[in-house]
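So this first bit is one chain, no partners, the form predicted on its own, shown in structure tokens.
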């Protein structure tokens, strides 16, 4: 059986009349890198905050490393094994980099000093500089150093590459991709689809507070196709009402379909309406994401 570090069951959060997360059923497997995608306001940050006990669900439940996120004692135990790096990167601004590393290390018996020293050099962080004098990118690097040196079972990241230059982004992505081999599962939200596609084993897309896609990158490459059809006249309105069809884009008598589970059934349906197949190509993550959030069926 698959071992999951995150499981939610009908997890929901309302702010007044606004449903930020609605009946979310999410599962994240251990020892993988899982990308968490969605447009602004889709519910990504709210989901992460519920997982970490930073906000309480309106309804539903969840497990983090097997511990209930709605039980205060269990939630505290889970967070001992979880490292989190959010968008704001709130740190003790009055400390120097070296002081903050030493201070953080005192809380963790299994702190890995060699990892902290390696990342300090790799990220080119100035040990004697105060945190408040660091750039946003350097604060991101410092937060990641503090997280990774703890030896967490689960690392949760919210927009981890924001504020980083291209070289630093490359270093970060290489670091994240190697963590599962060292026993750390990575779950990260991002707007940078190309970065997710590079390092993720699996991707979950949330749309309107609900899980719309939960697929491995291999499943996306193997099973999904973008098919372009040309019709001699306007095709019937409901021609592509099929479970295999994820999205449809119509431009006059040309129709572009994103299909799952291969393309054979969709092609046969189109040919029954005298369509000509113009092109059949594999789908990349960006196309799947845009087809999901723009025209989710």
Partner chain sequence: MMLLYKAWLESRARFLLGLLALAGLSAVFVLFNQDVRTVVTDHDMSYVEYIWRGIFKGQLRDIYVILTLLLGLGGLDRERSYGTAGHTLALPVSRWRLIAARGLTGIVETAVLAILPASLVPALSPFVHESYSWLLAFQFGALWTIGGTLIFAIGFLASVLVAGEYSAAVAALVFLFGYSITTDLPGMEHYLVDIHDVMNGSGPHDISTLAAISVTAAAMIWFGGLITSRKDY
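Positions refer to the first chain, counted from 1. Predicted model only: the values in this text are computed from it and were never measured.
Another form exists, predicted in complex with its partner chain; not displayed. Remarks below refer to it.
Novice: At 4.5 Å between heavy atoms, only one of the stretches 185 to 193, 216 to 224, 198 to 206, 75 to 83 reaches its partner chain in the predicted complex; which one is it?
Specialist: Comparing against its partner chain in the predicted complex, the contact stretch is 75 to 83.
Novice: Check each of 129, 112, 102, 118 and return the one that places a heavy atom within 4.5 angstroms of its partner chain in the predicted complex.
Specialist: In short, 102.
Novice: Is its partner chain close enough to 212, 240 and 282 in the predicted complex that each of the three has a heavy atom within 4.5 Å of it?
Specialist: No, none of 212, 240 and 282 comes within 4.5 Å of its partner chain in the predicted complex.
Novice: Is residue 246 close to its partner chain in the predicted complex, meaning a heavy atom pair under 4.5 Å apart or at it?
Specialist: Looking in the predicted complex, residue contacts with its partner chain do not include residue 246, since no heavy atom lies within 4.5 Å.
Novice: Should residue 60 be classed as touching its partner chain in the predicted complex when contacts are defined as heavy atoms within 4.5 Å?
Specialist: Result no; residue 60 lies far from its partner chain in the predicted complex.
Novice: Quick one: is residue 49 in contact with its partner chain in the predicted complex, heavy atoms, 4.5 Å cut-off?
Specialist: So residue 49 counts as contacting its partner chain.
Novice: Tell me, yes or no, whether residue 56 is in contact with its partner chain in the predicted complex, where a contact means a heavy atom of each within 4.5 Å.
Specialist: Result yes; residue 56 sits at the interface with its partner chain in the predicted complex.
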